[in-house]
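Only one chain is included here, represented as structure tokens and corresponding to the form predicted alone.
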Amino acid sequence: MSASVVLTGATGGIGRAIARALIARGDRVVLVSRSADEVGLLARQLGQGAPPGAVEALAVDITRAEGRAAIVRVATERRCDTLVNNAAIPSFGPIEALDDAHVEAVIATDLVAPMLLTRALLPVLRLHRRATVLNVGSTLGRLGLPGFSVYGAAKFGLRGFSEALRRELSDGPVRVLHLAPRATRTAFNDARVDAYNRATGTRSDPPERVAAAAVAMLDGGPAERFLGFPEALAVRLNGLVPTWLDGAFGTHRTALRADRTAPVLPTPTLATTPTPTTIPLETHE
């Protein structure tokens, strides 16, 4: 049975791969992104050959109340039964190199916005006999690495939110899932992170692998999944005895310190606050 999905962060590398996988299996998808141009183009591309109404583009900022309200309106109209919280912004660098605005933007986008959007959409999701919230986290949400203190904090929080909400809603129709990819080969990682990953021997996956895992979870897979080895094993060990692994990150500290003179990752900004915009699409027969 096909689903009606709200997908945030649709124009990112993982988001695009998930969107393609959902459309390919016959789901109806609302693509959500801050950029009207990017999300409109993606929707037109994905709509080629898809049934009329299968793809809708919505340009909003999920960190703003009016953006989340627009998503709720569209989700209500389309009787959405699935929310995929995928939107995130990156953060990398020594904590003292990150300014206040950057830290606040990461926590607002990667943690607070998914929580508030999930809360807002629960009444819509509860209208269905079966509904799903899938939170796309990170292995860095269970395994803290030097250089990712802020990003990791947001993803640790998202995992905690997923776990608590899963238990809170376990006797109702809404399932709560948490998918934690390891490093993924997308533009989300800039040249500094790529250099860090090479120096530390960090393995990475194509976004299509993450998308396949997401679809498998939506189809009835486990409530939580960490992708990749040895990352999944490290996550388990870290959960049992966190301090055991403290000495294993010397290479990571060295790689981070080698990057101290690099510019701070800029905080994403918009020239103007986007007005929630549903983007009209051509109908493709």
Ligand SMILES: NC(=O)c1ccc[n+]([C@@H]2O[C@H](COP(=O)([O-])OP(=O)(O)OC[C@H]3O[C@@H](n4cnc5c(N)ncnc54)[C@H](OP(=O)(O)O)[C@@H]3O)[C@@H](O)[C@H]2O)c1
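So that there is no doubt, residue numbering starts at 1 and follows the sequence shown. Keep in mind that what you see is a predicted model, and the values were worked out from it rather than measured.
There is also a form predicted together with the ligand; it is not shown, and the following applies to it.
Mapping the unseen interface onto this chain, Ser35 counts among the residues with a heavy atom inside 4.5 Å of the ligand in the predicted complex.
In the predicted complex, the ligand lies within 4.5 Å of some heavy atom of Val136. Shown alone here, Arg182 lies within 4.5 Å of the ligand in the predicted complex, counting heavy atoms only. In the predicted complex, the ligand sits beyond 4.5 Å of every heavy atom of Phe156. For the ligand in the predicted complex, the listed stretch (96-104, 126-134, 164-172, 81-89) containing residues with heavy atoms inside 4.5 Å is 81-89. Among Thr118, Thr200, Ser149, Asn189, the residue placing a heavy atom within 4.5 Å of the ligand in the predicted complex is Asn189. Interface residue among Val55, Val60, Leu218, Leu256 relative to the ligand in the predicted complex, by the heavy atom within 4.5 Å criterion: Val60. Looking at 11-49, the residues that come within 4.5 Å of the ligand in the predicted complex, counting any heavy atom, are Thr11, Gly12, Gly13, Ile14, Gly15, Ser33, Arg34, Ser35.
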